[in-house]
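This document starts with one chain, in the form predicted alone, laid out as structure tokens.
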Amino acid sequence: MTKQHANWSPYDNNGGTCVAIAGSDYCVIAADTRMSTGYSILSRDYSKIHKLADKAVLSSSGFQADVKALQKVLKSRHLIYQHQHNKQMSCPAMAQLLSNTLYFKRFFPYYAFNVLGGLDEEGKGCVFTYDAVGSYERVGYGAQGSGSTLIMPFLDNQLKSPSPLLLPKQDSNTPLSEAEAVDLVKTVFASATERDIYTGDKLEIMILKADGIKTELMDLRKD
């Protein structure tokens, strides 16, 4: 009789898709609210967007238990920063903290794929996109999660980000107005939901501006 090895994994992939777009004075962060495992839907109303600071919002897909653990670590590190510096972290500072936190766990990583969006010190929109072990890049737009392979070609076609190899360095922010960016996000999610079974139910959109955060909800396919 052949010996069977237990096929257990400490990770799961709960699916879902996150998108962020940075503009001249705003940042749009969006994610669907479906949480799945395999062919089962665990929740149709699970928010993947988490406010870390007044001008930094994190959206994460992957293994949601690891995402929650990561958010907890970032919250406590941010609290220490506020006590030491008597101010909140800027979005680029939070981006570096997130990178360091993920890299510290590189030998047993958080199975979380993050997009961080917010406003920088000049009030311009900024988006940072990550892999699971903390490698990150500032971009004009980004997508992570199960629908990212469908959404990124669409965004590349519509927004045509300048090459990071161009000198002098080009501004990566998109030329769209806030309303156009929100419409584009709604379009890409409606499109991805048709083809990706892990994306659907509702779309949660956060719009960050200097005067605060607005939230919008839109229904997606429920099948």
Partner chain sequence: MKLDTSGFETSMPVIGFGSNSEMLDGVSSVPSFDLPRTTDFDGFQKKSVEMVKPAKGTTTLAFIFKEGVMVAADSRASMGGYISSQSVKKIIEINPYMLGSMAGGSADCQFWHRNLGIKCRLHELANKRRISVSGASKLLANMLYSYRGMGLSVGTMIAGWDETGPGLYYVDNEGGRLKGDRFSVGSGSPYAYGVLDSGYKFDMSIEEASELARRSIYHATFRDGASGGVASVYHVGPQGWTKLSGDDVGELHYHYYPVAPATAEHVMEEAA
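Just so you know, these numbers come straight off a predicted model, no measurement behind them. Positions refer to the first chain, counted from 1.
There is another form of the same protein, the form predicted in complex with its partner chain; it is not shown, and what comes next is about it.
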Contact between residue 212 and its partner chain in the predicted complex at 4.5 Å, heavy atoms?
no
Heavy atom of residue 175 within 4.5 Å of its partner chain in the predicted complex:
no
Taking any heavy atom pair closer than or equal to 4.5 Å as contact, tell me whether residue 71 reaches its partner chain in the predicted complex.
no
Classify residue 109 as contacting or not contacting its partner chain in the predicted complex by the rule of any non-hydrogen atom within 4.5 angstroms, answering yes or no.
yes
For the stretch 127-149, I need every residue with any heavy atom inside 4.5 Å of its partner chain in the predicted complex, listed N to C.
131, 132, 133, 134, 135, 136, 137, 148, 149
